[in-house]
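Have a look below at one chain only, the form predicted on its own, in structure tokens format.
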Amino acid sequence: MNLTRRACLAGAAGLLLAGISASAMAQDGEFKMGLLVPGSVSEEGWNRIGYNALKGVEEQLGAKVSYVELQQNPASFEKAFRDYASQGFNVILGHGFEFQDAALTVAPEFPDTTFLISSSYIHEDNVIGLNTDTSQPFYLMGYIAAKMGKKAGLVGGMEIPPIQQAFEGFVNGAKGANPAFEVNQVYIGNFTDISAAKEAALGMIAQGADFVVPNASGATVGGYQAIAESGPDVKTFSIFSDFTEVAPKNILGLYVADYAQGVVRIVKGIMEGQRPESNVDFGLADADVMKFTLSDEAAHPVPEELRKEIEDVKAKIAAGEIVTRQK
């Protein structure tokens, strides 16, 4: 197994234990948190969000932290979970739905360790899902697309529940604004192939989509490259991270989940002896976590009248008056 190991702490960097850098080791009594990411934290997007959450716990709660970068390999997920748990880590965050099965396998061996899984609805003993309900901001995107555009295309990485739910929100938002608005979807089958995401986006545009939204983790940037190269009449939204530099004239709005604040809130409770009693679902009602803002820099910005309409829709979603996806 080829793991990229990086530690976030200074320490005894020369010593290795169970495949994880020993600089992650802490003195007895210190609260420790580990992070597993399915790729590189150096890339803007999904993996960076997980890293920012880890750093938030370190900086705001004083925890000792470490992370490991992994490829899409379930056996390596189990080993990494087991390595951290056997070292006495109090919390381990598997940053992605794909870590759920590995956590469920390992967790019974370590009942005192809390296993948090991003983009998951699981709650089973010490395995707890932390989901940011992206169907809610995607509903707003779909609503805007149906009001301003002719046709939309969605480019996903792998066909897993978090991306499916986001796209479901987009479709429902579009139908809420215009039942006849067409939305097509395609999945590239991975989260790393930038070229595949670009080609998929170009294919959508060639078929007449003037709104295209990529959602493929590290490969996402390829979608924005295709959008930018197709001219300012193709519109999109920046998701998870700010891709405005890639497509400055195309991006109508920015969805950012300040996942760090949500994770800090949950981990603080665990430090105080209070594990969540159910899976955690962050949404637009959590203003400190989920932010959706519109841009004035796009070639075709959202008109003022539609902005007011979107604020009303946003408030109804936060209040539970509009359901953005099937629960």
Partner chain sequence: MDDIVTLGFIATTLGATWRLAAPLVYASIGEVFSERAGVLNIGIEGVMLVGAFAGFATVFWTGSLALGLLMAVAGGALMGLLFGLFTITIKADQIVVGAAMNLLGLGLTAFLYRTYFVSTGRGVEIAPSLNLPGLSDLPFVGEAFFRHNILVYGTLLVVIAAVFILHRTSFGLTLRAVGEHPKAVDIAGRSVALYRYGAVLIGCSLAGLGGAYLTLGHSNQFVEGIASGRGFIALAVVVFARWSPIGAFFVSLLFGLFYALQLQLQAQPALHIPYQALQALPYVMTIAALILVRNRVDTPSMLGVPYRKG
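Positions refer to the first chain, counted from 1. All figures in this text were calculated on a predicted structure; none of them were measured in a lab.
Absent from the display: the form predicted together with its partner chain. The rest refers to it.
Asks: Just to be sure I understand the contacts: of 221, 107, 257, 254, which is the one whose heavy atoms reach within 4.5 angstroms of its partner chain in the model of the complex?
Replies: Comparing distances to its partner chain in the model of the complex, the residue within 4.5 Å is 221.
Asks: Within 4.5 Å of its partner chain in the model of the complex, heavy atoms considered, which of 177, 171, 127, 202?
Replies: Contact residue from the list: 202.
Asks: May I ask you to check whether residue 245 falls inside a 4.5 Å heavy atom distance of its partner chain in the model of the complex?
Replies: Looking in the model of the complex, residue contacts with its partner chain include residue 245, since a heavy atom lies within 4.5 Å.
Asks: Is it the case that residue 240, even though its partner is missing from this view, gets within 4.5 Å of its partner chain in the model of the complex, heavy atoms only?
Replies: So residue 240 does not count as contacting its partner chain.
Asks: Is residue 181 part of the interface with its partner chain in the model of the complex - any heavy atom within 4.5 Å?
Replies: Although its partner chain is absent here, residue 181 would stay clear of it in the model of the complex, with no heavy atoms inside 4.5 Å.
Asks: Might residue 148 be said to contact its partner chain in the model of the complex, defining contact as any heavy atom within 4.5 Å?
Replies: So residue 148 does not count as contacting its partner chain.
Asks: Suppose contact means any heavy atom within 4.5 Å; which members of 158-172 contact its partner chain in the model of the complex?
Replies: The stretch 158-172, when checked against its partner chain in the model of the complex, contributes only 159 at the 4.5 Å heavy-atom cut-off.
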